[in-house]
Each structure stands twice: as C-alpha cells, then as structure tokens.
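One chain follows as structure tokens, the form predicted on its own.
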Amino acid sequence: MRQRGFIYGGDYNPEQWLDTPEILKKDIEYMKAAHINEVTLGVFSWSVLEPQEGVYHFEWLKQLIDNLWKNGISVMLSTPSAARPKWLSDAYPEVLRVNEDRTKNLFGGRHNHCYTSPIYREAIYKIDRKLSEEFGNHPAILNWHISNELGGECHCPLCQAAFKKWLKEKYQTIDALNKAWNTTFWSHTYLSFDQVESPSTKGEKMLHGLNLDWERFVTDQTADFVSWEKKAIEDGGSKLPVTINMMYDFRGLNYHKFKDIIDIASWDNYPTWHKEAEEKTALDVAFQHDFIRSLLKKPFLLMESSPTATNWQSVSKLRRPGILSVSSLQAIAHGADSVQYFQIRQSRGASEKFHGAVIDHYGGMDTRVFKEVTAVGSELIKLSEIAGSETKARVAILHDCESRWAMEDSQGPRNKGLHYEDTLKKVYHGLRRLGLNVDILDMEEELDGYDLVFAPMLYLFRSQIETKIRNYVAEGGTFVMTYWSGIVNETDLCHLGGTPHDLMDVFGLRSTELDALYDKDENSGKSTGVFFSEDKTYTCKYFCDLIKTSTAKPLLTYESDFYKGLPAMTVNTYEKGTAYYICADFEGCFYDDLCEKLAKEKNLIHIPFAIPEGISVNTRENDTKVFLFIQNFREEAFVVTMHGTKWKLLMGAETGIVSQYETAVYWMEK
C-alpha cells in the first residue's frame, strides 16, 4: 500500500449525507483534527451508485474522493456486493438466497444473495469493473475492500447443482462418495450425484461427511465469488491490493482458503469490554489478532472497531476512558498497520443509528469520544516508524477450521461442552504470559521453523499432517498434542488400528478409551517427579484419555476413578525430537507451568522482566530495530524496569510506570 505510517480512519457513509453538503465539508475538518488519514467508502452504496439497472451515478463519489485527497485523506474503496439494490431483487428473484429448509428469502437485510447466481455475478462484475475503471488508478485509493463481512449460505437449485458438480470433481465416482461418507449407515446410499442434496434439518443431517463437505463447498463458493470480484477489478485496470474484512471466531468460513486470493488480511474487532475481567477479554482479542496476522504472516489491518458502544450486542456498554487507546494499540502490538472504526459519522436512522461513531448526532469535536479518538491518532503518529514491521514467532498453535467443524458435528463424546476454545486459550495464555509471539496455523501449513508446536484437540487429520508432525519431531522439534486428536480422516471416518492415527510410535502410546466427565466431576494428575516437581498436582475436568504406553514415559498419573495410576501426561523421544501427550483437560495453571518449562528448555524467553497477570507484552521488528509493547489491562499500575538493558523508551512515562489501560513502547537496535 502507498500509505506511510499507520492507517487511521474507518467506514464513512457520505451517501447518507449528500443533501447536506455542509456536513460533508465539516466532516473533513473533523477528520483532520483527529489525525484521521483514511476513510473506507462504498461499502453499502450500490443503490446510490446504480439507482437503476445500467444507470451509474459516480459523480458524487469522484467529487468526494478528490476532496478527501486534497486534504490528505486516502481511501479504501469497497465493492458494493454486501447489499444489493431493490431493483435487482425485483427484476431477478434468483439472486435471493434460499434457506436450508428450502424457503426463499424476501428482499432485505444484507448478504441476502446467492454467490452462485450468474445474474448476480454479472451485475456485480459490471459495477466493480466500472468502479475500477473510474477510480482504480486514483492516487487517493490505497486498496480495494471486497464486499463486507462475507458469510451465510444458499440452498437454491443453482447452489444444489454447483454442489453436485463440486462433489463429482472431488470424488469422481458415486461409489467413492458413498465410501467416504459411510452412506450404508441407515441405508442412505446414493446411486448418482444427482441424488445428493445439501444438508437440511428437514432432510439429511446425520451423514457427517456430507455436512463437512457442504461446509467446504460453501467456503469454496464464497472464495470463488471473491475471486470473481477481484477479476472484475483487475479487468477494469486496477492492480491495487485487495482485502476482505473477516469476523471474530467466525465458523461459517475457513478463512485460510482466502489467503491466496487476498493481498492483505483484515478483520472487525468488537469485544465486550467490561463484561468480564479485562485481561480475559484482552487475551481473547489477542488470539484473534494473531490468527488474522498468521494467515499471510505479515502486517494486517484492523478494518473495524467501535470508538464507543456498539448497537447490536446484548448490552451496548460504553468504553471506559483509556480502553479505546489500549484496545487500538493492542492491534498495533500484534502486527496491525491500521486502526479503523465503524463508523466515522453516526447514521441518523435505521439499524445502526445508535452504533458508536467518531462524530455523533450532536456533531461536535468536544465530546469525550472525539477527544480520545484524537489522542489515539497522536499516539499512532509517535509510533509511525513501526508501521510495516513484522511479528516473528518461534511458537505455533494448530487451530484447524475443518477439524473444528467435524469435531463440533461429531455427536460424542460430549455433545454439550467440548471446551475446545477454552483449551486453545489455556495454551495461548501459557505462551503469551511469557511474552512469546504466537502463530496460529492450520494443517495445510508447514511446521518447519518453529521450536515448539501445540495441537489441542486436533480431532481430524488432513493435508498429511501425520507426516508433517512425524518429520517435525524427527528433525528435533518439540510437539505437544492433547487427547481427542487423530481420531478421524478428512471425511470424518474413524481411523482403524489405533489413535492418534499413524503417530502412535512418535508419541509412544495408544489411546484406548476416552472418558467424558459430567460437569460436576473432576479428576487430577499427580507428578511422577520426572518433569514437574514431585509435589505438583493439577485438576482436570470434562475429558480423561486412557492410554497404553509403549516407549512413552509418564509425567503425570491420574489420582482417582478406575483408571487411577494410569498416565495423565507423557513424553516420548522420537529420533532427534520430543513428543508430549496431554491426556486430560487440565486447569490453566498446568499449561502455564508446561509452557514455561518448554520455553526455557528452548531458550525462547527474552523479555527482561517477569510478566504479571494482566500485562501483555509483544514485539515487532524491522531490519534495524526491535519494538517492545507493554500494555496494562489490570487495575494496578505496573513498573517496567529496563535498567542495564539495551531497551530505550519510545512512548510512555519516563518513570516506567504503566497505569491501567496505558501502553509503553520501547525499542532496541538489532
């Protein structure tokens, strides 16, 4: 992108204010006062850009972009596909989505359209290409923002036909599909691809291979639609980067499938601050930042965040003073090159009229929110040399979307409360409390280059992950796997011959049974004194894996139930590396201790002070410098001691005191 320093701005909807040009003029003055240097335009502008089929009105947009550019404000230009105009739905009803119960939607809402429809694709191609021809080489345009928060699925006849074609290309023969899905169960064998339908609560929902492949198809069809829009932009002559704004922990799409289409990863961050302990919310957000950054392993964009309350959460709570700064800079600390808001000016009516904004209905610069937005803009200017720098991680967590789809659809061993996310976050917390940068990977990626890799509940194996893990450990890596891993193949068929599939020799064990505990029950693992100190005991709940060891050594043993004395955690040496297996869902302090021991063994801890709970530490680096972010999400102040180190203060108090919601930034020559 052509922007120097950090991008600061957000969604702006001037089409809602075309009849009040004095407001549009005032908005630019406000933006400049708040150090805003970017706006995102056109996200929901289709009905204004093309009020009738084939009739395009771009004059207002050109005038606005020209005026913004004259005032030093750049633009991310969006394609308008997220919400199509009424005339399109009325003239071509096929563009409307059909639900899983096979009922067609009425016009309304957003993303209420069929990605497969040739008519819809042609309509969006035409306007995307014209926008590219008109604005694709304008000096104000930084990049293209394709659609908005993509999601949802369509079960119309067009999508059914596309799904059947997708399946035929994947399986080639109907016999291969039947075998992959185990369709002889309940006598549901298909005689041809024409008989296959998408999953529905009114029809087939118990073939887990069908459900899983439908999820994959929806992702592929959505990705293909993004590629279609990208092609329209390129055919219009623009070669600028493209992005899509992803969503928090979104399970409807496998975002890894978009990384070869987009040039920049971005996401929309709307945490419920003040609902729980701030450090817990901060950790949750941090994980998502790292997930988005890891998609392309380069700086990402914080495309949307709220400068104050939202309007759609169950309770639209105000952000307390200081939370805007620490939340915004948290994105920067984790590798973002932007802080962007939804929205710049608050709408007067309809769904988002009470969603927070930089400029509210009052319309002045003397509000608390506007002053805080301005302060964040000043902070970003101070930190501008960090823009473009990288986040380097030596530690990774495998978090695979397709495995999660299958696991949550598996019907056993716990149909309520898998606690997968909790397990992920316990591992992540154990690493982050040491100041370690963490990459979040899926099974399609390589493991080379990491000193330490965790795989919590990797239920489904695909993309030859068995071979990758085996080679990684053999070459000297340290791999940590938990219970409920390597259970099924990529079509959700259970592996035969023992689990974890094809890795029993690497881990030196075989899983024999998995006990699912009631919520009221618990067990514990007691140290054998080989790894943890002899007095260590850790509580576990929800799952207890019963294993039979071959070459693995027990590090913890169960203390109760009929499997008392059996291993609860093991270690095995395999060629040059080490493989750990965690048998139970242990409490958080277990992961804290485990991560610290492993990180010390690998010499990964380089932060010059102990990191207490509620303090977050991140690093970014460029060719010459390393930048250290220290953020306080707890009530008590934290005193940073850098005496005798090479670290120099870039932003923060000279005393080293970091108060609640404050950020300190240090730097060091490489």
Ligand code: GLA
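In this text, residue numbers run from 1 along the sequence as written. Computed from a predicted model, the values in this text were never measured in an experiment.
What comes next is about the form predicted in complex with this ligand, which does not appear here.
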{"query": "Position in contact with this ligand when the complex is considered in the model of the complex, options 268, 153, 290, 402, heavy atoms within 4.5 Å", "finding": "268"}
{"query": "Option touching this ligand, based on a heavy atom within 4.5 Å in the model of the complex, out of 432, 256, 468, 355", "finding": "355"}
{"query": "Options 213 to 221, 115 to 123, 511 to 519, 310 to 318; stretch whose heavy atom lies within 4.5 Å of this ligand in the model of the complex", "finding": "310 to 318"}
{"query": "This ligand contact at residue 149 in the model of the complex, heavy atom, 4.5 Å", "finding": "yes"}
{"query": "Contact of residue 304 with this ligand in the model of the complex (heavy atom, 4.5 Å)", "finding": "yes"}
{"query": "Exercise: residue 342 in contact with this ligand in the model of the complex, heavy atom 4.5 Å", "finding": "yes"}
{"query": "4.5 angstroms heavy atom contact with this ligand in the model of the complex for residue 44", "finding": "yes"}
{"query": "Contact set, 231 to 248 vs this ligand in the model of the complex - heavy atom within 4.5 angstroms", "finding": "245"}
